[in-house]
Every structure is written in structure tokens, then in C-alpha cells.
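Below you'll find only one chain, the form predicted on its own, shown as C-alpha cells.
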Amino acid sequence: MKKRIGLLTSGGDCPGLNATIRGVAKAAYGMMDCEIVGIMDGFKGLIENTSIEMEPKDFSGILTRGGTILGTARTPFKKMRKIEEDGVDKVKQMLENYKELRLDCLVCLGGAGTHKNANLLREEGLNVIGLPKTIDNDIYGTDVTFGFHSAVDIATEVIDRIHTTADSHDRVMLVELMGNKAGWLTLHAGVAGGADVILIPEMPYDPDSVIEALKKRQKKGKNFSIIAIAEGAMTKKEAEMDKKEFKDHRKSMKYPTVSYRLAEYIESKTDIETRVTVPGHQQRGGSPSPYDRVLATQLGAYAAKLISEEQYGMTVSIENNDIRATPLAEVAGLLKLVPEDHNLIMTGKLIGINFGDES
């Protein structure tokens, strides 16, 4: 019996989405008689019933292509069951459009929010499979997500290039990397790029600890320093605030991002010229790394295998290099954060990296 497979990409784009789409399609066409329907712009497309009938040729030449051929959008989980001014019952519309498209299953490529939405649809009785995408690497239940290693490569290159400017001008250079709640990207790029200070959301920092680390380098004759800081990094004082207090505090600041505030503090406490670099969405762009092309192909093909076996309600995970299926219910709504005793943090401390937590 022919299966109709729906595909959508949701949330922020990243390298590897197209490679994963290709992996699903090529494996599905090889294993079963199937039709593939591309849902445009994520869950928004499922709500609005915007889709295209796809053919095998649509999946050729996209292994190395960045972004997503299906388009993407952010549809927050907290708004899914909320009927807003347009009067649209989003969940009802998705269920109806799934049936109207005659889908046998829906494959959702995305991050933590996408997995929550996918699990919601599972709870509503739809056949759903998740695929773990995010440059933040924060999806619970999988060792790594596709897109992460590509972003680490890009972020590391930024830090590499900053070294020469920092050295030439005797400056402190802050490189602000993506990661609002999880610091995996900043941690890996910081270690790979030879950062002297790494600040991540999971480890609230003391600005004076950073100052001391910079002064120690000066005393040792080091005329420059590199700080890798995640966009979600916070001070120890901020970590003690409740959500409302923290939100009001950040709104009242004159600084566009956390790195500019720290840069001004460093200049006020030292005689070191300090500059900020924010690579921003460059970290999401471009062609996936070879590692991510392989990982994306593995995960996509395994999703097709699950479809052929009608094992739904799962997300595809990788654990100790083993590709496996994990129930969506076990991972949806959970984040994988960097533990303070993570071996890469321990390694960083052994080689002298400051994490802003030293007194």
C-alpha cells in the first residue's frame, strides 16, 4: 500500500536540513512505494494547508545546500492551543489538513520547540516522527543534533580570525555566539578557537573573575585576550533574580547585547581596549560540514526506516554513535544543558580557561 509522507522544517534554519530531507526521501523511495508531500514554512504551512507534491528530482543536488527547500517559520508551542485575533483554532486546522492531504505520517525536522509541537500532534492521534535539528545542540535524548558541528566550524573560524586583530592591537576581543539557554556552541567553539575566557548560560559568571583572568594574562606578558560569550550568558547577580525581575533588568540596560555590557565593564576596570564581534546568523548559514552531511543522512534514512516499520511517535536520536528511536513523549519539553562537571569544561580549566566562576 502506498504511503503518503509529509515533511516539514520548523524553527530556525541551519546547515543540514536539506541533507536530512534528502536522507528521508532517498531511503523512503528505496524501501517502499510512497509519495512525499512538502509542507511549506513549518507548522504554519500545516495550519494554512500550504503544501507541494514532491518528486524524486526535488531531492537531487540538495545535500550540500544550506537552509531548507521547504521554508521554515517559528510557531511557538505556547500559542498552539491559543485562539488569537484571527480566530483560527491551530490544532484543529492541523488535524483537518493532515487528513485532507491524506497523510499517513508527518516528519518534523526541528529543535526543542518543534519536538513539543510534534508531540502535541502525537497526543492528538497523528503519526509523527521527529528529527533533531539545532545549532544549539540542546535537544534532550540525543548526543548531537545536525547543524551543530557546522555552526561550531563557523564560530571557531570567527574566533580564529579575531586572534590576529586582537594580537595586533593589544585588545580584548569578545565574540558573542548564539545560545540563549544552552552553551554547547560557545563551549566547543571557545575551546577549539583557543579562547581565554568562556562564558555560558549554565554557569553564571562574576565579572570581576573575568577581570582578574585578564590581569593575570597581562602580568604574564600576554598582550591580548579572547572571550567567547554566549548570548544567554548572565552574571551571578542576574541568576538570583526571578523571571520578571530579570526581564525588567535586561530591558532597562542601554546595551544591545550582553557582550557590550561586559566590554564596557572591562574597559572601566582595566586599561585594555576592548571590542565586540557578533557573527549572528552567519552561524546558521552556508553549506553543512561533512560531519553534518553524514549525520543528517544517517538520521534521515533511519526516519524512513521507522516509517516503513510504522513506528510512529518517535524522534531519531544518536547515543554513543548508535542511531535509535526515542519516544517523543520522553524528550518533548526537556532541554539538554551543559553540566558544570562536563569533561570539556574540566579540560578547559586544566589548560587555564576561565569560566567566570572563580573567586
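Numbers for residues come from their place in the sequence shown, where the first is 1. Remember, predicted model here, so these are calculated numbers, not experimental data.
FYI, the form predicted in complex with a small molecule isn't displayed, but the following is about it.
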* Asked: Does every residue of H163, A195 and T274 put a non-hydrogen atom within 4.5 angstroms of the small molecule in the predicted bound form?
  -> no
* Give a yes or no for G110: in the predicted bound form, does one of its heavy atoms lie within 4.5 Å of a heavy atom belonging to the small molecule? => no
* Report whether the minimum heavy atom distance between G179 and the small molecule in the predicted bound form is within 4.5 Å. => yes
* Can you check whether E202 is within 4.5 Å of the small molecule in the predicted bound form, heavy atom basis? -> no
* **Contact test in the predicted bound form: T134 vs the small molecule, heavy atoms, 4.5 Å** => yes
* Please determine, with the chain shown alone, which of 85-93, 258-266, 241-249, 281-289 has non-hydrogen atoms within 4.5 Å of the small molecule in the predicted bound form. => 281-289
* Please pick, from K222, R74, K215, H169, the one residue with any non-hydrogen atom lying within 4.5 angstroms of the small molecule in the predicted bound form. => R74
